[in-house]
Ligand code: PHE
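Consider the single chain below, provided in structure tokens and representing the form predicted on its own.
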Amino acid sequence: MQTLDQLRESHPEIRADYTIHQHWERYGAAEHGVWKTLYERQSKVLPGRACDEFLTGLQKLHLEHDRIPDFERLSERLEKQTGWRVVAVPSLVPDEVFFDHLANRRFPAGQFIRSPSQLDYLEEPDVFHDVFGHVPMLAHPVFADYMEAYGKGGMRALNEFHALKNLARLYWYTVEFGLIRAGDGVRLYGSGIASSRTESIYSVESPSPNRIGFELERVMRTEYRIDDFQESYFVIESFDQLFAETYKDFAALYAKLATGATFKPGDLLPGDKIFTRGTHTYVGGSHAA
């Protein structure tokens, strides 16, 4: 991650909070074309796989399908829904900066877009991942509140408890790679899934990964992988459940997490609630397709 001074060489207007001007007018036809290709591709795979709340967010915000959205115009629409805004950043930002943005209902989004050769994999999140993947859920009032609470909790984890590792796992398994139980199965809402054609299909249809009922301590003890599809996904019952489970003082939980087991991404535990592709669940330590 580059420092503010390093970033200032390529972005002289960068502010202390790492935000920059989006400079929407500088995007060329090729960059808008990548957005259009990705948008059209996801539009074909998400119906029936993404949760209704995500798809409703897309509709409410009127995300452009043929060009990279202008953050100012997008923020005007989003702010009317939940009070959030989208701010441009040149790359990943330090933890304390990220948490401060979330705590103040600002979502930092990458300004750049991937190249045509990187449609299926990108190490650093770009504007498509950040805007198409994240922003629709920010139009949902309960999830928007959850994200603000996460930012505030992140500041405490950083400054008081030194527990970022555990809190990062919560973000990973909800905001980035979360699944939710729907009436006829599981659906995706995590941005890392929603912005990926292959993982959108894999996460809800493949017999390979574990789909485990969300339990806060279990999630925060579970490592994750960044180099491949997830070996396990955690399934919430509702966004109200997610907010209620995480809108609390984590002090006692952090103390508990300081000792005890850490689980590998593919581990199954005897008490795990396992979701199959349908709505049925069972408790056990093995996986069913």
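From 1 onward, residues are counted along the sequence shown. Computed from a prediction, not measured in an experiment: that's the story for all the values here.
In what follows, reference is made to the form predicted together with the named molecule, a form of this protein that is not presented.
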Per-stretch contact check against the named molecule in the predicted bound form, the hit in 198 to 206, 184 to 192, 74 to 82, 162 to 170 (non-hydrogen atom, 4.5 angstroms): 162 to 170
Contact residue in the predicted bound form, chosen from Tyr224, Tyr39, Tyr254, Phe229 - any heavy atom within 4.5 Å of the named molecule: Tyr254
Phe177, Phe99, Tyr146, Phe128 - the one with a heavy atom within 4.5 Å of the named molecule in the predicted bound form: Tyr146
is_contact(Tyr150, the named molecule) in the predicted bound form, heavy atom dist at most 4.5 Å: yes
4.5 Å heavy atom contact, Lys264 to the named molecule in the predicted bound form: no
4.5 angstroms heavy atom contact with the named molecule in the predicted bound form for His62: no
Tyr27: touches the named molecule in the predicted bound form, heavy atom cutoff 4.5 angstroms: no
Contacts with the named molecule in the predicted bound form, stretch 239 to 269 (heavy atom within 4.5 Å): Thr246, Tyr247, Lys248, Asp249, Phe250, Tyr254
